[in-house]
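Heads up, the chain below is alone and in the form predicted on its own; it's given as structure tokens.
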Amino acid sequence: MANPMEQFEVVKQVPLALAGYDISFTNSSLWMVIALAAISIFLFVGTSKLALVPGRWQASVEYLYDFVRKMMDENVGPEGRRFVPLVFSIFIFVLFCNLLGLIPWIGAFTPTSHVSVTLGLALIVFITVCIVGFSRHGLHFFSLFWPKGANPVLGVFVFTIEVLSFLSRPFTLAIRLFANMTAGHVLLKVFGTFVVTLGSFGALPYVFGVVPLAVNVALTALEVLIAVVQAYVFALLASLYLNDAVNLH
């Protein structure tokens, strides 16, 4: 795997077809299932024996849930509580997919490095926002795109920009996550190749190999941070978009 892009290749694990469509179970599907299994175990263990003084597992689950709940309270208000399960589910799924993809030596795959996965998650948020907006406000939901008190000429101009901005949300949300995860893994692969290539020199292999190795260690720590931050940013933007639908702000 000298090519740093080979790590993103989707490989069929179980070839399947339905009505002429390819629905094969791939390595991306496998690691999403692994992420769901890990999340299920994490939540089950953390909530199976609830205690007034929580243990480490229970405290971890409660911290993540309270983190999302407070974020919804701050950005949406009291009515945002009913959307906490949705945003929490997306947040923890993205977080586990990001982190599992960083595990070395086992051929880990990062589903969130593919725009098809991130776009699917973004469309869930976008469609939910549209459904909530129209169900709560009807056609008045379009007032979100019209600046209050604007004259007709300026209003039409701003309305066009706001509609285009609104329609681009799922794409920007998807591309942001996909691009960050892809770029980070490419850097890790490139510097990992440098470790092997420069470390194989006959003279002073440790001198040549230690620098890219140190960089790779630092990049790995940075990627862990990015994995957490990108899950947070995805959930944060989802809460802000839901605020628009609930409060027309």
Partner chain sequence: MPQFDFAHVFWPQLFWLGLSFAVLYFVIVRATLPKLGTLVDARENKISGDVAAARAAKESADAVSAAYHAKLEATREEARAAITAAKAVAAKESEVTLAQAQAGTDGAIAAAEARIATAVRDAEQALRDVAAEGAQAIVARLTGAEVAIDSARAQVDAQIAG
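Source: prediction; values computed, not measured. Numbering follows the first chain given and starts at 1.
There is another form of this protein, the form predicted in complex with its partner chain, and it is not shown here; the text below is about that form.
Although the partner is absent from this view, L154 stays clear of its partner chain in the predicted complex, with no non-hydrogen atom inside 4.5 angstroms. Although the partner is absent here, I124 lies within 4.5 Å of its partner chain in the predicted complex, judged by heavy atoms. Looking at T193, you'd find every heavy atom of it more than 4.5 angstroms from its partner chain in the predicted complex. Residue contact check for Q13: none of its heavy atoms lie within 4.5 Å of its partner chain in the predicted complex. Residue in contact with its partner chain in the predicted complex (any heavy atom within 4.5 Å), chosen from L213, L198, I39, L219: I39. In terms of contact with its partner chain in the predicted complex, the residue from F93, F159, F141, F166 that brings a heavy atom within 4.5 Å is F93. Contact here is defined as any heavy atom lying within 4.5 Å of its partner chain in the predicted complex, and by that definition not a single one of H137, L173 and Y232 is a contact residue. Of the candidate stretches 142-150, 116-124, 99-107, 129-137, only 116-124 has residues whose heavy atoms lie within 4.5 Å of its partner chain in the predicted complex.
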